[in-house]
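Encoded as structure tokens, the following chain is the form predicted alone, with no partner shown.
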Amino acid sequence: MNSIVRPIKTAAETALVEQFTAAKASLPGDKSVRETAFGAVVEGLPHRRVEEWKYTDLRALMKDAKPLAAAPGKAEIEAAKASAPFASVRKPDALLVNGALVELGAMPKGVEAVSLAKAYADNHPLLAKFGEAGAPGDNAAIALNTAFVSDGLLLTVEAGAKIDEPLHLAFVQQGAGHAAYARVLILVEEGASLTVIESHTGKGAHQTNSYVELLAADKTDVTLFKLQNEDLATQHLATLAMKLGAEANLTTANVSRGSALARQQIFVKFEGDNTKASLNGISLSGGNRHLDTTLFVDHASFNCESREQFKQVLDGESRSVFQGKILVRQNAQKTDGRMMMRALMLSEGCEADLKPELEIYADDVQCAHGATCAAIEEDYLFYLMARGIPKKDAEAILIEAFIDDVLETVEDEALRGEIHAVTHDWLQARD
């Protein structure tokens, strides 16, 4: 007789099942899509025996599942407006508080924006575009977002439009003890250009799950910058999925420094020839933080180039994870893909897990990857201290030099200055 062993559900898993059962009838959109998505996680959250989650055991780390956030009140909205970052660069063009789109500014000429809640109500045709970027729907973070999301933004940039000013999408959490799910679709039509700032801030023991999908057509030029700077009591699961057409240019930069547990998933698919992508990131982890960046780059077209550069700075008892994989398909000849990850370890108790991969089926390619872990070079530190610079300031100078080439990928000077201020604050807060 064969027996089936079923693990006992954790408190978080039990709560998720109860929440979905109670909420699914009131959630908008196609109920069958939500049911299918939730089916991917109903048997349990991913754990260390699942390869993609080997270093971030979500089943163990996610102690509970917060209830779905209620609609924010006036006081919460006003507080969110006051606390949104980058005000000197760009006030929020779209403000999402606790997962709900509460304010949508006037869009530049050539840009159309619709709230996801309204899109559900109107059965908007763009809803069918979700999933086209090719990110795996059974991924736990994506599946949970699909199951529970009810608001967000649909953004369309018309063909040939050149949007000079960046668009700022501000995700702010107010209050405590809730889970917020939001989803954004960015459709950039042929020949258009766009810069998007995505910021995540907030206080309290909340849980964030965001999903941003970019569909960039031929000859587009897109820059995406993200800041994750939520409170230490938070959990942050985020997905960025992108599909690129022919002769497109993409630049992304991600700075992660908040949350007790944060995982940023990035999926990129080259679906057109002669396209270039530059993917960059910085994680600043201290205390007991666990910051994870997981990247998958799918080269499926001819003569495409990708550059991946990610740097981690670790202090205290923190743990930082980077998993990066480049897949080169058989028809993706002339691919040029290079990935580098570096970790700077500032304490004895921190841990860096770096896992670069190449999977190549074409024979005319140039691909490489590398990973390094090191402490601050003592000779450099001594050189600065010998000139009267205090040790903490000398370390800050060397750390800023370590991450500076990633920050330089942000071309907007005002935005780059704001990011420098974020990293400087982290350095000053070190013990």
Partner chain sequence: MLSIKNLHARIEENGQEILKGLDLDVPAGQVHAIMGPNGSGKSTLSYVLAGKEDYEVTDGSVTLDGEDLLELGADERAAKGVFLAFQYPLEIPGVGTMTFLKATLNAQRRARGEGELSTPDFMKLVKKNADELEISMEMLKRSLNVGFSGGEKKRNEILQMALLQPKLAILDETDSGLDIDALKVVSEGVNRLRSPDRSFVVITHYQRLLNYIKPDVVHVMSKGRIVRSGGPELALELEANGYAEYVEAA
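Here the structure is a predicted model, which means the values were calculated and not measured. Numbering follows the first chain given and starts at 1.
The following text describes the form predicted together with the partner chain, which does not appear among the structures shown.
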is_contact(Asp404, the partner chain) in the predicted complex, heavy atom dist at most 4.5 Å: yes
Using a 4.5 angstroms cut-off on non-hydrogen atoms, would Gly39 count as touching the partner chain in the predicted complex? no
In the predicted complex, does Lys391 come within 4.5 Å of the partner chain, counting heavy atoms only? yes
Consider Asp363 of the chain shown here, and say whether it contacts the partner chain in the predicted complex, taking contact as heavy atoms within 4.5 Å. no
Give me the residue from Val50, Ala60, Ile397, Ala70 that has a heavy atom within 4.5 Å of the partner chain in the predicted complex. Ile397
May I ask you to choose, among Ala374, Val33, Ala368, Met385, the residue with a heavy atom within 4.5 Å of the partner chain in the predicted complex? Met385
So if I measure heavy atom distances to the partner chain in the predicted complex, which of the stretches 61-69, 374-382, 24-32, 42-50 falls within 4.5 Å? 374-382
